[in-house]
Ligand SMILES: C[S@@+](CC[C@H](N)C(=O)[O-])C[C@H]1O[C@@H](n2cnc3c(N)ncnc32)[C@H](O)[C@@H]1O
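A single chain comes next, written as structure tokens; it is the form predicted on its own.
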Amino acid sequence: MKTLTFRKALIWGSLVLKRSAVPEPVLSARLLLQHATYRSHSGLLLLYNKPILPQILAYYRFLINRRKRFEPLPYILGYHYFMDFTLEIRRGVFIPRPETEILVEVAIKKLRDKKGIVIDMGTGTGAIAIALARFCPGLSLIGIDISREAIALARRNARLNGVGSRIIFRRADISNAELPQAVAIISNPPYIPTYQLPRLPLQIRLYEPMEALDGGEDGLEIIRLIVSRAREILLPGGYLILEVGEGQSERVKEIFIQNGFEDVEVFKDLLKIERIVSGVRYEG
């Protein structure tokens, strides 16, 4: 490739990604060029008509080729924005989605003035626990995950966001982890039915950990387990708040009620999909 200006390099990258049917090719190309140059969007604009250095172009081409193979942007960039803070992201750990921000918003409304322990089951990057530690000063958080990579990353993210002393992260299996009594359990569990996994977009099924997605035959296997465990763990008046898949809310409500939860509520995400189910475990 001949010497190009930054603007022409951006156009080239966008066209490569568009031809490969990568989602949002122009945005992807711009973010990757910013990453290659260590510039903000406004900083990149100042370079548009200047020639791009060969070493920067070579790195940019490398990044474009990774994205061309549908590798998710957060894995390439190494970071991801969640709520109002930044998370480090690594391959092998599930990338938090905007829907989970709705889960956190519901939890904050219910727990803002509470004191006690909240357990984040399947913590992944630590996003949920970190957000609750930042917005709910009376809470102490425990994040558990079966993945060593996830726990190591969650600990790092908590330190980077100034809440490392407020959260304990432990590698543990949800089914048998020894956990203290808690005022709430929050989780974004795996909820994709196994048969649907091959239909997921390429950038998900080729790169993200299937154990963070696979909810069993009907997608509710892990949800049933969490609800059952919540009966043992929650203090009287404690909340269980779960993210669920599209079309699952009614069945999850039934699981809550069958396990003795009351005041069961459903909350919609920004696309008006019933995404969050919450309930209260009263005494008796």
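Please read these numbers as outputs of a predicted model, since none were measured by experiment. Just count from 1 along the sequence shown to find any residue number.
From this point on, the text means the form predicted in complex with the ligand, which you will not see here.
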Which residue, 202, 83, 172, 152, has a heavy atom that falls within 4.5 Å of the ligand in the model of the complex? 172
Listed residue (52, 222, 32, 44) with a non-hydrogen atom within 4.5 angstroms of the ligand in the model of the complex: 222
Contact check in the model of the complex: 184, 254 and 279 versus the ligand, with a cutoff of 4.5 Å between any heavy atoms. Do all three pass? no
Thinking of the ligand in the model of the complex, which stretch from 110-118, 159-167, 130-138, 184-192 has heavy atoms inside 4.5 Å of it? 184-192
Any of the heavy atoms of residue 72 lying within 4.5 Å of the ligand in the model of the complex? no
Given that the partner is absent here, does residue 88 sit within 4.5 Å of the ligand in the model of the complex, heavy atoms only? no
Looking at the partner-bound form in the model of the complex, is residue 146 within 4.5 Å of the ligand by any heavy atom? yes
Would you please decide whether residue 106 lies within 4.5 angstroms of the ligand in the model of the complex, comparing each non-hydrogen atom pair? no
